[in-house]
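Before any questions on binding or motion, here is one chain by itself as structure tokens, the form predicted on its own.
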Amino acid sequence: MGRSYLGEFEELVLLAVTVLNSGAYGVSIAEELRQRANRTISLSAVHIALYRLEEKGYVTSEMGGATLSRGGRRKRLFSVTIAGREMLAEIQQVRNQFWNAIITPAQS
């Protein structure tokens, strides 16, 4: 299997899953993205990204318990895998290298 790349939206969803830890499911991820990235995002877009991330091995999912607040429906809960954390660290390193290479007016 070759190296996988993440699009910007997939990266944001993976970051949201990481921040939410064990409480990551579609609605909570969309809300986290709305608050932190100031974006209005459809729930279906989040689910599509989550399934892509799961196919790439960056997240896993399991069904949570049924709750009365959801009318007895269960939530699919997502968590980040080791490969997902490694991908985020690699992305951060590449971005930091670019930001550090930018010469600010005070340095020139």
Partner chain sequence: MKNEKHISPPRWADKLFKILCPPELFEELQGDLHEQFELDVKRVGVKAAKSIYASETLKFAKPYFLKKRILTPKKADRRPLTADRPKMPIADSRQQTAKLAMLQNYLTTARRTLARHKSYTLINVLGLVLGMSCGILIFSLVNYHLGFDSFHEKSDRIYRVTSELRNETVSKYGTIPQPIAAAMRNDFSFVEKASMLINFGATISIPAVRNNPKFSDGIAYTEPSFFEIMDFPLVAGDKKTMLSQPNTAVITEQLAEKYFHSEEAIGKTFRVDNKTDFTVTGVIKNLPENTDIRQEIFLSYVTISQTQPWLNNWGGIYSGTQAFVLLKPGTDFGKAQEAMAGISKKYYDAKDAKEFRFFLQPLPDMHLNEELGGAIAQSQLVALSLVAIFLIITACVNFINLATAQALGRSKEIGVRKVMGSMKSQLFWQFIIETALITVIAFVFAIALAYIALPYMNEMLSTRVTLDLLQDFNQPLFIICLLVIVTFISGSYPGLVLAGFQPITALKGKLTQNQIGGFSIRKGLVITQFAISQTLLIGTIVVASQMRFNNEADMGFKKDAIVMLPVPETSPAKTSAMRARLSQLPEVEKIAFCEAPPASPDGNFNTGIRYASRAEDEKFTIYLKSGDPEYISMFGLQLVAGRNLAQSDTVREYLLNETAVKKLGVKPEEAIGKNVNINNADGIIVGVMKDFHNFSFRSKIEPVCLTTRSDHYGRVALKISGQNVPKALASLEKIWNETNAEYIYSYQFLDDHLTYFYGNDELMLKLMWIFAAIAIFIGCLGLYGLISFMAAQKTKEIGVRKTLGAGVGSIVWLFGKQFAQLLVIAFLIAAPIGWWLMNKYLADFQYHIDLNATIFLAAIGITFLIAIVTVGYRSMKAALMNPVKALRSE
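None of these values were measured; they are calculated from a predicted model. Positions refer to the first chain, counted from 1.
What follows is about the form predicted together with the partner chain, which we do not show.
Asker: Within 4.5 Å of the partner chain in the predicted complex - does that hold for a heavy atom of every one of 18, 36 and 39?
Answerer: Contact check failed for every one of 18, 36 and 39.
Asker: With the partner left out of view, is residue 83 within 4.5 angstroms of the partner chain in the predicted complex by any non-hydrogen atom?
Answerer: No, no contact at 4.5 Å.
Asker: Considering only heavy atoms, tell me if residue 79 and the partner chain come within 4.5 Å of each other in the predicted complex.
Answerer: Close contact is absent here: in the predicted complex, residue 79 is far from the partner chain, nothing within 4.5 Å, heavy atoms only.
Asker: For 43 to 58: residues with a non-hydrogen atom within 4.5 angstroms of the partner chain in the predicted complex?
Answerer: In sequence order, 43, 44, 45, 47, 48, 51, 52, 54, 55 come within 4.5 Å of the partner.
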